[in-house]
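The chain below stands alone and is given in C-alpha cells; this is the form predicted on its own.
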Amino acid sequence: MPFREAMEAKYRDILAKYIEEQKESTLYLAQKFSRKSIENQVTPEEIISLHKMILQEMYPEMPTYVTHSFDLLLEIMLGYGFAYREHQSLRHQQKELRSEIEIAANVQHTLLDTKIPVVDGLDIGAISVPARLMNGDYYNFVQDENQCISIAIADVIGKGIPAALCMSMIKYAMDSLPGYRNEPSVLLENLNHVVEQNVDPSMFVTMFYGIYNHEHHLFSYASAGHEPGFFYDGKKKGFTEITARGLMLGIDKKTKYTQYEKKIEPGDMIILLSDGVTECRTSEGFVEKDTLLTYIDKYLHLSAQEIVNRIYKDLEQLQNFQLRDDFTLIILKRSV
C-alpha cells in the first residue's frame, strides 16, 4: 500500500478511536503518527486537510461553519508549512556542514599530528584541545640525529576552518625549512615571509619556537608575539616569565627576531602555552597567571604529561567544562 493511502487509513483509525473514547493510549498513537509524518516530510496543512476530509466522511451532516473553520485553519497553517520546510532544509544543510567539518578536523589532526620525543633525562608532556571541532593552535616536535629537540607552538588569531587551514600551511612551511631548524630567529623570519605573502591580511599568527640542545642542556628560542611561557628554577623553587619579544607573523615582511638562550639545570622546567591557557574565563573574570602557576607547583612531583593533563582538567572545571578558546600546554622537565 502506498504511503499516503496507509497514512490516511492509520489516521482514520486513530481519529475514530479517540472520538469514541478519549484514552491516553490513543493520544500516544497520535504522537507516533506525528513523528512518522515528520520523518516522511508530511506538512501541517496536509494533516489538516486529511483531518477535514475524514470528518466529512464520518459526519456527512457536519455543520458548514465547522467546515469553514477548517478552511481558515488550513490557510493559517500554510505559513507554518513553509516555515517547517525551510527549517527542515536548514537542518539538512547543517548536518551536511557538520559532517564536512568533522572530516576536515580529522584530516587536520592527521596532517598536524606530532610525536612527543623520548630523550633520556628530559621528560616532555603536551596537550592541545580545540574549543571547537577545528584547532587554531598548533604544536610540533622534531628530534634530530644529535638529540636536539625543536619545539614550536603557534596560535592563529581567529577560529574555525580558516585558522585550521592556516595552521596546516605553517606546518608545511616549517617542514620546508629544515636548514634553519637550529636557528629560531632565522626560522621565524622565513616563516614571516611565508605568512605575509600567503595569508589574508586580516589573519595573524603568533609563534614561539625553540630548540633544546640535549648535550649542553641549552635552550635557544625566539618569539613572534606569542603568549609568554615560564621557566621553573628547580634550585630556587620559583617561576619566571620567559622574556622574548617579537612582532606577530604576517604583519611586516622585514621584521627581524631576537634569539635568546637559557641554560637548563636538573630540576628546571620549560612551560610553553597558548593564550587559551592564560585567558581561561570564569564567572569572576580571567584566571590569573598566579593561579595557573599554583596549579603547576601543586603537581611538580608528577610526570610532565600528568602535569599538563591535570592542569587542563582543573582549568576546564573552573570554566564549567566549556572551553572558550583552544588550549595548548607543553612542559619540558629536566631530571638529570
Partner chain sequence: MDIQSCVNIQTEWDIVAARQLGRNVAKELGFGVVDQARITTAISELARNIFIYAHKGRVCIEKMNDKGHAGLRIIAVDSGPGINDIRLAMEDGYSTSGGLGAGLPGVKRLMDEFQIVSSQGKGTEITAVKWIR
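Just so it is clear, the model here is predicted, and its values are computed rather than measured. Numbering follows the first chain given and starts at 1.
The following text describes the form predicted together with its partner chain, which does not appear among the structures shown.
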Partner-contacting position among L218, V118, L111, L90 - heavy atom within 4.5 Å of its partner chain in the predicted bound form:
L90
Identify, from the list K237, R98, R85, K263, the residue with a heavy atom within 4.5 Å of its partner chain in the predicted bound form.
R85
Contact label in the predicted bound form: L122 to its partner chain, heavy atom within 4.5 Å:
no
Taking heavy atoms and a 4.5 Å cut-off, does G79 contact its partner chain in the predicted bound form?
yes
Contact label in the predicted bound form: S49 to its partner chain, heavy atom within 4.5 Å
yes
How about M169 - does it come within 4.5 Å of its partner chain in the predicted bound form, if we only consider non-hydrogen atoms?
no
Judged by heavy atoms and a 4.5 Å cut-off, are T43, D71 and L74 together in contact with its partner chain in the predicted bound form?
yes
Within 4.5 Å of its partner chain in the predicted bound form by heavy atoms, the stretch out of 90 to 98, 190 to 198, 174 to 182, 222 to 230 is 90 to 98
